Each structure stands twice: as structure tokens, then as C-alpha cells.
Ligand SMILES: Cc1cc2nc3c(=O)[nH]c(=O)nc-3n(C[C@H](O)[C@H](O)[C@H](O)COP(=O)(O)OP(=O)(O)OC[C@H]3O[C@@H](n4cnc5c(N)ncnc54)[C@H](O)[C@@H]3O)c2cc1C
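Shown below, as C-alpha cells, is a lone chain in the form predicted on its own; questions about how it binds or moves come after it.
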Amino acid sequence: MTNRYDVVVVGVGGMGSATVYQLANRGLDVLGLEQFDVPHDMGSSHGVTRIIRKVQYEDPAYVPLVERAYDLWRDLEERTGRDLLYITGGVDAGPRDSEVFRGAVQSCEAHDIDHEILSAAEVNERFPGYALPADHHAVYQSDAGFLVPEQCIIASVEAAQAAGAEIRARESVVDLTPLSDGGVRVTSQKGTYEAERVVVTAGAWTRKLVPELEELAVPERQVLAWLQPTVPERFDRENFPVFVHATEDGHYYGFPRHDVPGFKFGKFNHFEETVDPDEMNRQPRPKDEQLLRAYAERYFPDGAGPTMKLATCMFTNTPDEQFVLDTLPDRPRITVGAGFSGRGFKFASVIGEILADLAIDGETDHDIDLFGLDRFDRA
């Protein structure tokens, strides 16, 4: 006998766990299916720490979403008793004409975000772990910090289960088929389920399950480094804000020490390697480490001690680097959240709220005009 649910959520990582929680908290009968463990390190929702910041140099339209995300993360902390969000302050730095600096200023001014404009010398004096070059400038925002992704997922799943959701790990979905009665049949490697609605939050695997996104949500290999600082206290949370940094060879991002004896950082889009998530080389290579170490030696020399850890993960990129949050035009019972481009985790709590809205009502009060699938038809 096939089980029937109000909603089945495919993929219980950062976005999926938040979606399951939001749906269950509204009283729906929800099943979450995850092909790996809960949590796991095979996709994009891992890595010990993930930046959260009100400053959104990418587009000021993201600011209201991240402000709501802050509130939802704090609510989840209260509900579960877990520490999820740490405030360190944040630096968005680069040359004056860089996308990061200009966009950060624009974002702050558009949404009246309290901030400071600092010269490189002021940044380096206030935060001695930094060694920004003289021609760089920064936006400092005191509310930035980091989330602990694995704990965020566990908290969302625990809250969802407490609200009545069913979660099943190590169960890979292989097919989604519309039913004549308007529902959707979900076929996994272990069974068959039926649902009134389905939400797909399968990260890099979304394009394999939703052919409409095959060319619109493309996985990319990413590598992170943790280096032991030679002056450790300069990289403690109290002394070292998270950062996004524009340089002549790309954008980098980093964190203070937390749960690994090293200063963590990475380069956005790393070597720009498009990958198949089932075949990606998950072993860091010497050239991965060399690229990252060269950056640390130049801009954070007191953080460029021995390597403590290297790890791979994936970005999933859309052509315009904006998210996809929409129902499928030809299969409106299926809602998709995808293409979070390595910067989506901070929004996971509010994206769960948005995807729950779309699954239930087909619309949301949040402004998601940037994220509709029809924008690719207009391009």
C-alpha cells in the first residue's frame, strides 16, 4: 500500500531541512527523503562554518530575506536549545571600484544598514590578523558572523520531527511522476510514495531529478582550507570578523577559528570546474592547496601556518548566479529550490519558509521576483 503525504521534500540538507520544518510546523503531513546521511558532507551544506551577513553586495534585494533569516535562525535556537549563529562582525573589502566594495555600500545605503567605511590601514589596525593592501577599502558591519551548518540542519530536523515530520536518510529518489488525480508519485530506491505536493531541494543533484533545470543548475567543485595561525589569538572570534574580499584574481571569503585548529577560507568558484556530483574528485589536490595558501600568505600572513584541513564541496550555479525558487510551469505540483551558488546557506531558514509558502499556496509574501524560472525565457 502506497503512503500518501501532504508534501514530500526531496533532499534534507540546509534548504530541505528548513522546508520540512516549516511545513510540519504548519500542521502538514510531511516526508523528507535524503539520499545520504543527515547531516552529510557530500554536497553543499557542510564545512563547519558558513557566513551570514546583512550586507549583500550581490544585490540589495537580498537584504530583506537575510534579515528575516536572522530572526528565523534565532527562533530555531530558542526552540531547540542549540547554538547556531555566532556574531563576529564582517568585512566586505576590495578596491574602491570592485563589485564587493561598491555593492556593499549600495546595499547598506539602500536598506539603511548601520555600517562603517574603513581604509585598509584602519582594518589592519583594528583586526591585526588582516593585511589588506593600501589601495583596498572595506565596509564593516557589526551584525555579521557565521552559522554552524551541520548543527543548523540537525536543529531543523529535530524541530520538524517534534512537529510530526517523518525523515528518512539513505533513500535516494529516482523519479517524480504526476498522477491523474493531481498528486505526484515519488519513487525511491526503497519504495514508492504519493504526495499532494513535492519540493525538490536536492542541491547538485537537482538537475538529474528535474530535467527542466539541467542547464540552469550546474554543479561546480569547490575547496576549503584551514591553516594553523602563527599568531592564534588574532584569528579568534573576538578579534577576527568574517570577510568577503575582492582581489585581482577573484573573490575570497573567510572565518575565524571554530571547531578546527585553523583559520578557514576559500575562493569563490575556485578553479571553475564544472562537475558531475556523482563523479567529482572529492580528494583535495596539491594545486588546490597551493592556490589557497598563496592567498593567505599575501593577505593574512599570520594565518598561513601549517595546513590543518582541506575539504571539497560544491556550488550549484545558475547562469545569472541568482537562486531558483519556483514551481515548475508544466508540473505545478512540484516546487524547486536550487542554484544557491555557494552563498545560499545563510538564507536557508527563510528559503524554507518561502518554499513552504509556494508548495502550499503557490505564492509567498516574500519578494522573490529575482528567482523565477521565467527569467531564463526572457533572457
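Residue positions are given as counts along the sequence shown, with the first one as 1. As the structure is a prediction and not an experimental result, all values here were calculated from the model.
There is also a form predicted in complex with the ligand; it is not shown, and the following applies to it.
When contacts are judged by a 4.5 Å heavy atom cut-off, residue 143 does not count as touching the ligand in the model of the complex. The ligand is not drawn, but in the model of the complex it has a heavy atom within 4.5 Å of residue 36.
Though the partner is left out of this view, residue 300 does not reach within 4.5 Å of the ligand in the model of the complex, counting heavy atoms only. Among residues of the shown chain, residue 202 is one whose heavy atoms approach the ligand to within 4.5 Å in the model of the complex. For the residues 193, 253, 127, 295, the 4.5 Å heavy atom test against the ligand in the model of the complex is passed only by 253. Distance criterion of 4.5 Å from any heavy atom to the ligand in the model of the complex singles out 51 from the list 28, 48, 51, 63. Of the candidate stretches 283 to 291, 85 to 93, 111 to 119, 168 to 176, only 168 to 176 has residues whose heavy atoms lie within 4.5 Å of the ligand in the model of the complex.
If you take 305 to 327 and check each residue for a heavy atom within 4.5 Å of the ligand in the model of the complex, you get 313, 314, 315, in sequence order.
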